[in-house]
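In the form predicted on its own, a lone chain appears below as structure tokens.
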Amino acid sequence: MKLSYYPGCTVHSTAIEYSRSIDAVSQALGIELREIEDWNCCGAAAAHSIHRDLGLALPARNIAQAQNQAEMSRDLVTSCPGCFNALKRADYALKKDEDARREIEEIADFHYSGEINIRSLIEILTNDIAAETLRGKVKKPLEKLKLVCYYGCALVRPHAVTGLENPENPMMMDTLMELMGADVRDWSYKTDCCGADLALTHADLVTTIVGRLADHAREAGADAFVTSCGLCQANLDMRQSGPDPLPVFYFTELMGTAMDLPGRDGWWRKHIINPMSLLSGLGYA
């Protein structure tokens, strides 16, 4: 399977362990992620709050880059929920709003064809890879690991734009982790915001939000969080207080662990809350 890939900025910086685990899992599953040429920052959460047209034109330019590379897959995949949300919002405006489309086309200097299908990596792994294939790759079932899946607020909202599953109770990550053998705990906070965008301006508030999420995760009986978002991972990893913080994994890191893929020691060294004690104690190191 060959897919056009928009990595976004975070996987090249604070989420480098996410990038490495994505590469390892993709290779193990026979997925070739072909990075689009000359991509740019999608503007994330900041651009649209400053200038609506800029907030749409930045991700639209990446759609244009994918559209212009005719030999590439028409599915444009990203691993970052924030990037996915930005790309989907731009694509939605281009499809649904004729005035916005003309403005965006002029700013980004391209003609929108509507041929590119924006997709999330977690959606690809859940929907396009057979469950039997995923189970067949598991060498170390994660049956001793108790997890809560944390989607954050960007991946599934707004539903009319993202087009993904239930925005209040998504199950894609739960499904993948269960296929890896993990003990996935049900909880009601999987799409609550972690407050990451407020980290510089309202740090005390963000610490409170993160603390509540960690408390609720413990109430559900979890040993750790699992997420697909670089901002959520960093925020939960940095801002838990107390003597026993919960490790925060990327879902591809745990897939790589269950598949017993090499290079995992390099992933764990990038975490602020060291997961090695938990993994070693359960026999997954």
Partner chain sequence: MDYQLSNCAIKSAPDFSNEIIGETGVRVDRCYQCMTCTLGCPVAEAMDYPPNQVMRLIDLGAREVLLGSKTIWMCVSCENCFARCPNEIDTGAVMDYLREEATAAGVKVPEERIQLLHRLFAENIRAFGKVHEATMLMNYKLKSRDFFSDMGLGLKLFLKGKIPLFPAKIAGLDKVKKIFGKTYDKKFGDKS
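Keep in mind that what you see is a predicted model, and the values were worked out from it rather than measured. Residue numbers count along the first chain shown, from 1.
Note that the form predicted in complex with its partner chain isn't included here; everything after this is about it.
S.K.: Taking a heavy atom within 4.5 Å as contact, would all three of 88, 185 and 223 count as contacting its partner chain in the model of the complex?
M.R.: Not a single residue of the candidate spot has a heavy atom within 4.5 Å of its partner chain in the model of the complex.
S.K.: I'd like to know whether residue 164 contacts its partner chain in the model of the complex, with contact meaning heavy atoms within 4.5 angstroms.
M.R.: Flag for residue 164 set to no.
S.K.: I'd like to know if residue 134 sits close to its partner chain in the model of the complex, meaning any non-hydrogen atom pair within 4.5 angstroms.
M.R.: Close contact is absent here: in the model of the complex, residue 134 is far from its partner chain, nothing within 4.5 Å, heavy atoms only.
S.K.: Quick check on residue 212: any heavy atom within 4.5 Å of its partner chain in the model of the complex?
M.R.: It does: once its partner chain is placed as it appears in the model of the complex, residue 212 has a heavy atom within 4.5 Å of it.
S.K.: Any chance residue 43 has a heavy atom within 4.5 Å of its partner chain in the model of the complex?
M.R.: So residue 43 counts as contacting its partner chain.
S.K.: Of 177, 94, 196, 121, which residue is found within 4.5 angstroms of its partner chain in the model of the complex when only non-hydrogen atoms are counted?
M.R.: Looking at the other structure, the residue within range turns out to be 196.
S.K.: Tell me which of 255 to 263, 214 to 222, 22 to 30, 51 to 59 has residues with heavy atoms within 4.5 angstroms of its partner chain in the model of the complex?
M.R.: Looking at the other structure, the answer is 51 to 59.
S.K.: In the model of the complex, which residues of 90 to 115 put a heavy atom within 4.5 Å of its partner chain?
M.R.: Those in contact are 106, 107, 108, 109.
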